Ligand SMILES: NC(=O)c1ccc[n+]([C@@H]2O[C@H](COP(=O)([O-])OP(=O)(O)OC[C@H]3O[C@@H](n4cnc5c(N)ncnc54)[C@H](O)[C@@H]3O)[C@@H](O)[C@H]2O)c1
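What follows is one chain in structure tokens, specifically the form predicted on its own.
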Amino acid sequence: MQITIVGTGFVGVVTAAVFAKFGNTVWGLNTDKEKTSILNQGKIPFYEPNLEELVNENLKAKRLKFTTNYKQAIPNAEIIFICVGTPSAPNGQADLKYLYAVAESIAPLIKNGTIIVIKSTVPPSTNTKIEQIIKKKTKTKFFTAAIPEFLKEGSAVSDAMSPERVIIGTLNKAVADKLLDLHKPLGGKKITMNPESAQMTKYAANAYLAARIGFINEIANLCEKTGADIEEVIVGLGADKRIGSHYWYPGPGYGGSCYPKDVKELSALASGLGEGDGLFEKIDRLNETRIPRLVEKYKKFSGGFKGKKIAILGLSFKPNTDDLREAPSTKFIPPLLKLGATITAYDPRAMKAAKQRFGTSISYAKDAYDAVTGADVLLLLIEWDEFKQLNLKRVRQVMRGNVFIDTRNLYDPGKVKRHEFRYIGIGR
């Protein structure tokens, strides 16, 4: 099939490369000339495992091309996927200006029977608004559908190649059949529903997973005050088949480009529909206050931060990405600096992004051991593999102080304490 992907960010590039892999001719369309040039050279402007290899494979096979020219990418497209950003507006609602701009730009160029798929995360009923915009600029017959993305940063290629499910939102059988045919090589369960349900499913999924993180952190708080251990509690919870042992992540809360944004937008949607002051607002509020509360706790545990050097391990919001959006580091570092600490940080992939974000306000290490040298406090924020088996004897020898803050419960407290550290984890 002839496919065009409008928006070549994280979702767009992955989607384009995967569809090209299965024999389709794919255009990736973006208005950023520099970014487009980089992509046509087979380089990826962000880190995602295995994506660069997949893009290069399809560029060489001439199944994938990137362009800034709408007239080049739109007229022959059978299916157009819109994958542009939908950031939250100041009131928490999804800002759809980029989506609307794309609709206006493609409207005069689409051919008869084109299927326009919204893959961006948007509120239910957005398809109707897009149809209204396009109909004002063309009399060409077209169709819209919603296929929300469920990609996880750090494993997006495998998620896209072997999805757990593909949700196709359309009430038109012919459109559904064509989209089912396009997704057939990907495997996974295929579910068709109306567009509004598809878009609500995306919000609901992310809000539920965010709620699990918020819930387990609340239980962890209680564990710390009662002598219970959150890791043992998780084992007990997991034995209940109704609950399961998956997706319990006690720690500094959820971050990244999706959960914070989607929970806020779902909360704003609920409020606009007269369902405000409910669960989604509470989930968001708990997450917003999580790290400030931890800063106060760690300040007390460490005897204050003024004049102390803190070694931060992990700057991205999760392993296997260089993405700093809503990362714990972005919420810990400013208050720690304000409290008088000096910070040396290290991350396996996010150092470039961190230098752009924090500049000279912090120092940057070449590896974990360089970061902890001379430090009074070790603050472990992200569970990168290389942080899971640090040589504790070596760490203790090069550190000036002995405070070990483990926000991911990567280490056995007893083992750490045997190396003469003062250890604090989450819910332990």
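Residues carry their position along the shown sequence, with the first being 1. Please read all numbers here as calculations on a predicted model, not as lab measurements.
The next section is about a form of this same protein that is not shown, the form predicted in complex with the ligand.
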Candidate spot Val102, Glu149 and Lys261, all three touching the ligand in the predicted complex (heavy atom, 4.5 Å): yes
At 4.5 Å between heavy atoms, only one of the stretches 124 to 132, 253 to 261, 266 to 274, 166 to 174 reaches the ligand in the predicted complex; which one is it? 253 to 261
Determine whether any heavy atom of Thr373 comes within 4.5 Å of a heavy atom of the ligand in the predicted complex, and answer yes or no. no
Consider Val26 of the chain shown here, and say whether it contacts the ligand in the predicted complex, taking contact as heavy atoms within 4.5 Å. no
Taking heavy atoms and a 4.5 Å cut-off, does Glu153 contact the ligand in the predicted complex? yes
Gly425: touches the ligand in the predicted complex, heavy atom cutoff 4.5 angstroms: no
Heavy atom within 4.5 Å of the ligand in the predicted complex - residue from Ser363, Asn402, Thr31, Asn56: Thr31
The one option of Asn287, Thr114, Thr86, Asn217 with any heavy atom within 4.5 Å of the ligand in the predicted complex is Thr86
